[in-house]
Each structure stands twice: as C-alpha cells, then as structure tokens.
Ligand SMILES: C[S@@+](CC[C@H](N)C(=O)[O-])C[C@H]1O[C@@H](n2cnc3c(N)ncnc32)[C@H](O)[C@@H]1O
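The chain that follows stands alone, in the form predicted alone, written as structure tokens.
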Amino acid sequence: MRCPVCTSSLYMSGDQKSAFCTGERRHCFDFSRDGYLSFPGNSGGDSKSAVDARRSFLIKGYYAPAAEAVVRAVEKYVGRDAAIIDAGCGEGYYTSMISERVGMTIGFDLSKFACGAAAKLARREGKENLLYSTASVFELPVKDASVDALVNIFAPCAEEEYTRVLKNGGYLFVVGAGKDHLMGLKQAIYDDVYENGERADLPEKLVHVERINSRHEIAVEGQDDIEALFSMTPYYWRTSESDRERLKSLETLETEIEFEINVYKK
C-alpha cells in the first residue's frame, strides 16, 4: 500500500494499531476499534442499516452458488500466493471467500460501516491475510503495478485506477447483473419488467479474456429476508409506495439470480 497523502510506501506499526509512511512527514493512520485502517477524507457509502440488511441476507447463503462461481473464476487465473484487491468490498462477504484461496487480500470501501462489519468478520474468522480499509475505488491507496488481481463486484468500475494498480499480466474480474438477475423480484413488484442490460462501465482498454455466466433459482423465505434483498437493489430507491406494498403480501419470493463475470487482463 501507499500513503494517500504523499504516495510514499506504507508500513504497519509494530503493535499493529496504526500504519505509517516513509515520506518526510511520516504520515500516520490509525486502525479503528473494529479493525479496519481508516484514512481521512473518506466518507459516504452505505449506511449502517443498509450494511446490516445486506449482511443478514448474504450470510444465509442465498447468493452462495453465484459467489462460488466468482471464487472459481479467480482461482482459474490467479495463483495461491497472489495479492488481490476487492474494490468496493462492502461488508466483506465475497472478500472473505476469496481470501481463502489466495495469499493476501485487501478490501476497500467508502463506507466505514461496511469496513467495520467486514473487519469484525475477519477477526472472528481469524484471517490474518485479510485487511480492510476505507477508500474510494477511484483513488486506491495502492502502489502502481503492485497487485496480481482485482475484483469489482456490483461496484463502480474505475478502469483507469484499476489498470494503474495491476501488474502487467494481472487480472481484473468485473461482476454485474445478468439479464435475468432478480427477475422474479421485479415481476412481484411491477406490471412491466425488462431484462437487465449489460454494464455500461465495462473496461475498454484491457484485454477481454472470458465471460462467465452463473444463473440460479432461489426461494427467499420470510418478510425480513425479502425486504433485505429489496433494500440491496437500485429498485429500492425508485419504487412507489403502492408497488412496495405488493412485496409485503409475500412470505416466499422465488427469483432468479444471475451473475455475469467478465475477466480482463492487463
């Protein structure tokens, strides 16, 4: 990693409670009580309630088959001793799975609530090869050409920044919604539904290696889990109250989940 202020190399303190740089000013940054590295100037991202809802939904395994497809894609192209970044890691669900197959994993997210939840999970699991830090995906505190791979799962794809931090020959995994992702959810809410289009921010300059589709049928049980899933989607913010009421009558929601995994090489 590098200092977000002066770009000098960043190192851990002996007590593992802070990080400092080798620049002239010796900038120092503290770890939070939850265990993530906190940098100044980073704020925003998901709220605590949004993080809690997503975490409670994901830990029940609804997305596990598609998440495993992402992990297998990483394993296919990246070695066990690789250093990998999860840009826009959220509460660390996917990051934690990936860290079990590679050498060092660093998750970055703008939300301090997401980083806090992720760091606490890593601590409970005893994962010493996993680090979380607050940062924007468009300005990563990472040295040029220093990581073997980067995953970007349902987060903004900052191609220029990702290309900067990847080694030559490194891989980028961009994960987005397939055409039928959450079709059952949309059908439960709206009269007219459409297939999802392709991500508009896919890389244009990196070499496209492979497209992997992972599609599964799931049944979401209970109002709490249905509401948690709904809150994870962009529809949550643009659905009328009358359409929202349709979900409240359901105790089981059957829907497709479909991940589109695009693999690129620098």
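Residue numbers run from 1 along the displayed sequence. These figures come from a predicted structure and were not determined experimentally.
Unshown form predicted together with this ligand; subsequent notes refer to it.
The stretch that touches this ligand in the model of the complex, counting heavy atoms within 4.5 Å, is 132 to 140, out of 163 to 171, 99 to 107, 189 to 197, 132 to 140.
The candidate site formed by A145, P203 and Y264 is entirely out of contact with this ligand in the model of the complex, as no residue has a non-hydrogen atom within 4.5 angstroms of it. Looking at P156, you'd find a heavy atom of it within 4.5 angstroms of this ligand in the model of the complex. Proximity of G88 to this ligand in the model of the complex falls within the 4.5 Å heavy atom cutoff. This ligand in the model of the complex comes within 4.5 Å of a heavy atom belonging to L58. Although the partner is absent here, P65 sits far enough away that none of its heavy atoms falls within 4.5 Å of this ligand in the model of the complex.
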